[in-house]
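One chain is shown next in structure tokens, namely the form predicted alone.
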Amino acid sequence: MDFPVSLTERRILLVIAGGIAAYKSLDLIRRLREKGAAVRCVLTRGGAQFVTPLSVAALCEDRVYDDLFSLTDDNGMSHIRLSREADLVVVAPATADLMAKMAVGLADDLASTVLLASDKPILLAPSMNLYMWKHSATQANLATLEARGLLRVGPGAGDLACGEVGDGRMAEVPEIVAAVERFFGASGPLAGRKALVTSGPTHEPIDPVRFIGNRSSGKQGHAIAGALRRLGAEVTLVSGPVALPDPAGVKVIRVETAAEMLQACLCALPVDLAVCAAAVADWRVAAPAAEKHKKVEGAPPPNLVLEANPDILATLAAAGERRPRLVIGFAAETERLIEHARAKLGRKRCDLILANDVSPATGTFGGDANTVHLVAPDQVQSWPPMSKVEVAERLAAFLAERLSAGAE
């Protein structure tokens, strides 16, 4: 299937850090501009040891930015202006040093300051020595950055400049260009498709200050929304209360209660696929108090009468002509995982269930890792433990393949 690949009128800020792979950035500028993108460049002091400002400027046909305290910039605020005027920030190569600065929020040169001040999506193309890449500090920094929503392409494995062989080689230029295209939805197996994702908990009010909720962080649902978008889908994310940044390029609708979430989902139809990753409260208070319940010494606690919340997953699976082609639910369980997931699959009449163990010992709720089992009517796939970002990428690829197979 062919997809349009023009990046016309897209504005990309390229940060070139101090690694041997910086020479690839020259070809990257050329390839992005061939696609129609406007490219501005920030060159670090280390980066200038590998490529010259003159060669970078000649290829991007714009000045090169390298000085945090330039007297020629408007009010010395180039770090703010550069980050605001871009649609996407690409860091290639992303060195271990620069990733560490980003993870802890250091801003001691123009590149790190631009990245800290940026309100735009950031795509990293890591490049470093094999053992630097594998070091626990680098992996912890990477997990921190990905949890914040930063995107990544590579690294690959191969011959490294230091003479060793292994992971750490910066992605090749065509791979980085393809990742940029996926971000903008210009290409990908889900281009032209619409997706709906629910994420986070719901808060069901008891009174104006108290609510019934759960420990869901929304990290898995948000990661799935981002992964579907990177494969080209037009994504609507209906999110309960979370402390997470919005996934890049995704339409986000914020809700509090299950009833609000259901209404937002129905308004988003029709879509090609729906992933119900939210941990929706099963019950709500039938009559929330208009005023705060006061604690009275010696008096019994208020008697809370509960009623069932609407079943969002079952409602979408039974939406008739407006039913998504694929409806996927989650089964967050603490025991008899597969058994409960199979029962839920039949009860909700959805197409797939992702079962995961949320027992306190697993650290799944609120954590960055997950272990899921993909339960279909005819099979169960047990995936190995991986980050929630990796789960999201694998699920998005699986759903794209299912949709493609159904269209043939």
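Note that the structure is a prediction, hence the values are computed from the model and not measured. The first residue of the shown sequence is 1; numbering continues from there.
Note that the form predicted in complex with cytidine-5'-triphosphate (CTP) isn't included here; everything after this is about it.
cytidine-5'-triphosphate (CTP) is not shown here, and in the model of the complex it never comes within 4.5 Å of any heavy atom of R31. Although the partner is absent here, P310 lies within 4.5 Å of cytidine-5'-triphosphate (CTP) in the model of the complex, judged by heavy atoms.
Within this chain, G329 lines the site of cytidine-5'-triphosphate (CTP) in the model of the complex, having a heavy atom no more than 4.5 Å away.
Though the partner is left out of this view, R40 does not reach within 4.5 Å of cytidine-5'-triphosphate (CTP) in the model of the complex, counting heavy atoms only.
Checked against cytidine-5'-triphosphate (CTP) in the model of the complex, the residues D109, E260, E175, D282 give one hit for a heavy atom within 4.5 Å, which is D282.
Shown without its partner, this chain lists A92, A277, V235, L190 as candidates; in the model of the complex, only A277 has a non-hydrogen atom within 4.5 angstroms of cytidine-5'-triphosphate (CTP). This chain is displayed without cytidine-5'-triphosphate (CTP), yet in the model of the complex the stretch 342-350 from 59-67, 342-350, 31-39, 379-387 comes within 4.5 Å of it by heavy atoms.
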